[in-house]
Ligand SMILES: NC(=O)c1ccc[n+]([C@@H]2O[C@H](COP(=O)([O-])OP(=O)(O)OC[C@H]3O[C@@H](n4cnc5c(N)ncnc54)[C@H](OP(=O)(O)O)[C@@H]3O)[C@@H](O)[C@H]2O)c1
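Single chain ahead, by itself, as structure tokens, in the form predicted on its own.
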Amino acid sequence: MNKRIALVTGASSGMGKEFARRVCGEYPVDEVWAIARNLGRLEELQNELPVPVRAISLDLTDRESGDKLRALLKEEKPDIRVLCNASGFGIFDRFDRASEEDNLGMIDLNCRALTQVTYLALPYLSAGSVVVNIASMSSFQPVPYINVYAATKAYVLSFSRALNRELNPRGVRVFAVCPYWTKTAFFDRSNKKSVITHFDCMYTTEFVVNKIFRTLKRSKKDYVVPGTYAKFTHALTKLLPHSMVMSVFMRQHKLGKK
């Protein structure tokens, strides 16, 4: 019998780390494969989980990382019960003030790497397997000063929902998570210049991950917006013209003055 695993990217912090902590209590897995760049932080998980943790240090923006993951999967041939794509980053600034490296890096990690990891995992998914992709509330509308990040998360949501339909005959579920502002180290990099100033509601990773597992168990939805305030905001983005939503966002954060 092949080893049952949960494969989690971005597992060294934030949503990915919390998901890795919780997943073995929600799904029958023999091992958690935790992927991130920071090996030391990944190894900390080995003392926190009741199942073995394989710490895999990879920079998913490095094209060679895909080859390494492909080779590892081919060698081990695991039964992937859960795949969580939580790697990602954002830069909050006006497009021309963000560096070319950062703008392209968001596309590379948030879209290309997520797509590649999902593709590499496909042969090892079977009936009952779940793919969880971390999108964002910004998936639902264009967001000035977060424009590239929001666009990458729109890709994640669209890709996830369509792939869910494609894999349905195999009994594999693909599920996107669209969190509102969530308290993580994400902001240490994304908002260094304090471009975003108005955080009307801030959730915790524990709250979001709990909602993920509850929704997976209780409904057949292909995406979730965790939290009442977040759901209210999402409803407004569906009812109001996006031009109005963008104007409100810019007024909240006093953007567009310079």
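Just count from 1 along the sequence shown to find any residue number. Here the structure is a predicted model, which means the values were calculated and not measured.
What follows is about the form predicted in complex with this ligand, which we do not show.
- At the 4.5 Å threshold, heavy atoms of H198 stay clear of this ligand in the predicted complex, well away from it.
- Although the partner is absent here, L72 is not a contact residue: none of its heavy atoms lies within 4.5 angstroms of this ligand in the predicted complex.
- In the predicted complex, M106 stays away from this ligand, with no heavy atom inside 4.5 Å.
- Proximity of I80 to this ligand in the predicted complex: non-hydrogen atoms within 4.5 Å are absent; the residue sits far from the partner.
- Taken together, the three residues S158, N164 and G227 all stay farther than 4.5 Å from this ligand in the predicted complex, as judged by their closest heavy atom.
- Of the candidate stretches 47 to 55, 185 to 193, 229 to 237, 214 to 222, only 185 to 193 contains residues with a heavy atom within 4.5 Å of this ligand in the predicted complex.
- Of the residues in 48 to 82, those that come within 4.5 Å of this ligand in the predicted complex through at least one heavy atom are, in sequence order, L58, D59, L60, T61.
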